[in-house]
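One chain is shown next in structure tokens, namely the form predicted on its own.
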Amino acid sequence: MSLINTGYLEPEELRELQKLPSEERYQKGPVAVIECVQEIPCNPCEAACRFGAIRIGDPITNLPQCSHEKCTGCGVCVSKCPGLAIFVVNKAYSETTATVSFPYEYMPVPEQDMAVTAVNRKGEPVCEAKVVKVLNPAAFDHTPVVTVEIPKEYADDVRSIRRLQEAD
């Protein structure tokens, strides 16, 4: 498994370990994409989902599974995952663009309308992006959720942005 050796998942490995949304589901709007592959005792995502879309069950070390048809794409689970392993992808955002929402635990936090560089699971640049939303309510426990607009063809690859530099 690449995760053990490199610290990130290859897309093929992710597909083997997690049930990902179908292209038909993606066309209905935002949906959670769970990239958790650690079989550890953890269930904040299940507890956070008021729609019952995320299930871990018994034992608590099961990998979380998302019922994509129940998922509304609200994103509450994104900030609750201590492993930073949940994203919300909206491939129906526009004809040519998609959005990806992800946890962002760096300073400074990007601001709406900011131009940024989107990166993949390895931290490699993928494309230019525009920040369309930043949520950071107290309930998120200091884990802002950033949403970026990107060209639709990169929606399965973009998982964060290049860290911003502190102003001098």
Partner chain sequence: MLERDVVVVGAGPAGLAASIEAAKAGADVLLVDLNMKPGGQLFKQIHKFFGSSAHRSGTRGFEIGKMLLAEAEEAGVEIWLQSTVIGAFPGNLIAIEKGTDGGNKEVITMRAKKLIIATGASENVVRFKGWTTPGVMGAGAAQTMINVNHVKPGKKIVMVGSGNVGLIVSYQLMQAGCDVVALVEAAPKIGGYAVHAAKIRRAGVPIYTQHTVVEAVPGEDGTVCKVVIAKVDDHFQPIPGTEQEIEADTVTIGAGLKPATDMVKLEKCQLTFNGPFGGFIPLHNDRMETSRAGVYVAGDATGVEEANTALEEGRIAGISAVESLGLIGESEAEKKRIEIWGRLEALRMGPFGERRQIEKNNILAEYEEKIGTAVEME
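Residue numbers count along the first chain shown, from 1. Worth saying up front: this structure is predicted, and the values here are computed from it rather than measured.
The same protein has a further form, the form predicted together with its partner chain, not shown here; the description that follows concerns it.
In the model of the complex, its partner chain sits beyond 4.5 Å of every heavy atom of residue 74. Contact check for residue 160: a heavy atom falls within 4.5 Å of its partner chain in the model of the complex. When its partner chain is considered in the model of the complex, residue 142 lines it closely, a heavy atom lying within 4.5 Å. Using a 4.5 Å cutoff between non-hydrogen atoms, residue 123 counts as a contact of its partner chain in the model of the complex. Scanning 93 to 114 for heavy atoms within 4.5 Å of its partner chain in the model of the complex gives 105, 106 in sequence order.
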